[in-house]
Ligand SMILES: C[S@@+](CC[C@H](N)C(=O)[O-])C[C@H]1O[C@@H](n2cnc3c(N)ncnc32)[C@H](O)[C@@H]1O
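For reference, the chain that follows is the form predicted alone, supplied as structure tokens.
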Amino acid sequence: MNFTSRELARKYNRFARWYDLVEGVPDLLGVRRLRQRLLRQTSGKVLEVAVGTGKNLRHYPRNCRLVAVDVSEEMLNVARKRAGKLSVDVSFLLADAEALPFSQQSFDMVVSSLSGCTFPNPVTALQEMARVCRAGGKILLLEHGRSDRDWLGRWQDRHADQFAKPLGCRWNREPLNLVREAGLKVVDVKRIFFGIFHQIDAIAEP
């Protein structure tokens, strides 16, 4: 079951006010620490794709020039409020990850977290991230996907369609395979919690 970007926008518009409650579960499993570790690498002009409610905003170094996009206007509204409370300087824009409204090599780095599971065409979204990132710039990803424990991975496979119904989350995708299929150069990978959560550092090749 794959939803279109428009369908996902409607779903997340309706769910935005409750989203942080759901995403609090991954934070308890160690994702908050992964966010901190991932985002301390950022510098220069940074694009965050699928910013959601802005859970990453508190972890960016203050010297970043941050632009954040999402397909859901209501999710962006929550993120704007969070940025105001944190006094984070960020420009927000409604945009589809698979058709980013920026010219080539517009950013020094691109970040996306816990979003590749919902992109209708994740390889296209990753290629768009590479397109707007300068040659040699970092693409930093924090994703969840199919466990590398066979028993758990098979369980995810059996329940994948049911899990995807509410918000389009395909929890048994293989993030690392998708990154490689998109043509990005992988430089570092870390996995935690039974191999479900992935931190992937990649480079946009010339």
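Position 1 is the first residue in the sequence shown; the rest follow in order. Computed from a predicted model, the values in this text were never measured in an experiment.
Below, we refer to the form predicted in complex with the named molecule, which is not included among the displayed structures.
Engineer: Which one, 83, 130, 71, 109, lies within 4.5 Å of the named molecule in the model of the complex by heavy atoms?
Structural biologist: Answer to the contact question: 71.
Engineer: Specify the contacting stretch among 119-127, 83-91, 132-140, 101-109, defined as having any heavy atom within 4.5 Å of the named molecule in the model of the complex.
Structural biologist: Going by heavy atoms within 4.5 Å, the stretch is 119-127.
Engineer: Could you confirm whether residue 8 comes within 4.5 Å of the named molecule in the model of the complex, counting heavy atoms only?
Structural biologist: Yes, contact at 4.5 Å.
Engineer: Residue 97 versus the named molecule, in the model of the complex: is there a non-hydrogen atom within 4.5 Å?
Structural biologist: Answer yes; at least one heavy atom of residue 97 falls within 4.5 Å of the named molecule in the model of the complex.
Engineer: Does the 4.5 Å heavy atom contact test between residue 197 and the named molecule in the model of the complex come out positive?
Structural biologist: It does not: once the named molecule is placed as it appears in the model of the complex, residue 197 has no heavy atom within 4.5 Å of it.
Engineer: Give a yes/no on whether residue 50 approaches the named molecule to within 4.5 Å in the model of the complex, heavy atoms considered.
Structural biologist: It does: once the named molecule is placed as it appears in the model of the complex, residue 50 has a heavy atom within 4.5 Å of it.
Engineer: Can you name the residues of 153-168 that have a non-hydrogen atom within 4.5 angstroms of the named molecule in the model of the complex?
Structural biologist: Heavy-atom contacts to the named molecule in the model of the complex: nothing from 153-168.
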